[in-house]
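Here you get one chain, nothing else, as structure tokens; it is the form predicted on its own.
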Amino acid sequence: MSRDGLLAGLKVVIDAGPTCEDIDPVRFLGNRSSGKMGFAIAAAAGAAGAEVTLVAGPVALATPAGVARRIDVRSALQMRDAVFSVIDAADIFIATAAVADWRVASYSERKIKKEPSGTPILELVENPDILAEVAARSPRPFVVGFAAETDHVLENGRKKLARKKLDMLAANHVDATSGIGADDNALEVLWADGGVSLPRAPKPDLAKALVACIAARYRARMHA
């Protein structure tokens, strides 16, 4: 680990990957997040000198070099508990995880069977908004959010940045072939009075560029 890097001496918490919201012992609600971007950012932050804690959803990825601690979770509630167990000491929180918006209201201990009466109805309840909760804390770390958008990337990104009162937001376009699960990506990095476009690149290279942006904005806020 570098001791004179852009994030030297800082503690960074990163959440990454999807969450799985179990319906019964064999089914769950989930999404296509691979965790690749979040893990690349964890590696880049570690290389930049940060003490990195990585809260990882269910992904098949090895812990990046430079990560001091990894906490594996499955559900949104578990991810929230893990984040809040370490957030008090964090200087920067980078929320890359694709946390499920909903979970089933009642988990079935047994496999739900097909019945002649028809398709079962699943009642859903909203999961906690981990990013918004961290951003609402006082004091709080420097908070970086992510937004995966299918259209109007800049407009929707700006709205999320303001609505959740974030310090920075990285927005990207997703469809069936780009963004989630891909090996490369492009980002629109936004903050209250500015932003920068990071062109398409392999996710490890993009992560390094994003970490440089985060470090610059964090230092600017500290010296404001």
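In case it trips you up, residue 1 is the first one in the sequence shown, and so on. Just so you know, these numbers come straight off a predicted model, no measurement behind them.
The form predicted in complex with a small molecule exists for this protein as well; it is not shown, and the discussion that follows is about that form.
Chemist: For the three residues 95, 101 and 131, which mark the spot I'm curious about, does each lie within 4.5 Å of the small molecule in the predicted bound form through at least one heavy atom?
Modeler: Answer is yes for this spot.
Chemist: Could you tell me which stretch in 107-115, 140-148, 67-75, 84-92 has residues with non-hydrogen atoms within 4.5 Å of the small molecule in the predicted bound form?
Modeler: In short, 140-148.
Chemist: Is residue 158 part of the interface with the small molecule in the predicted bound form - any heavy atom within 4.5 Å?
Modeler: Residue 158 lies outside the contact set for the small molecule.
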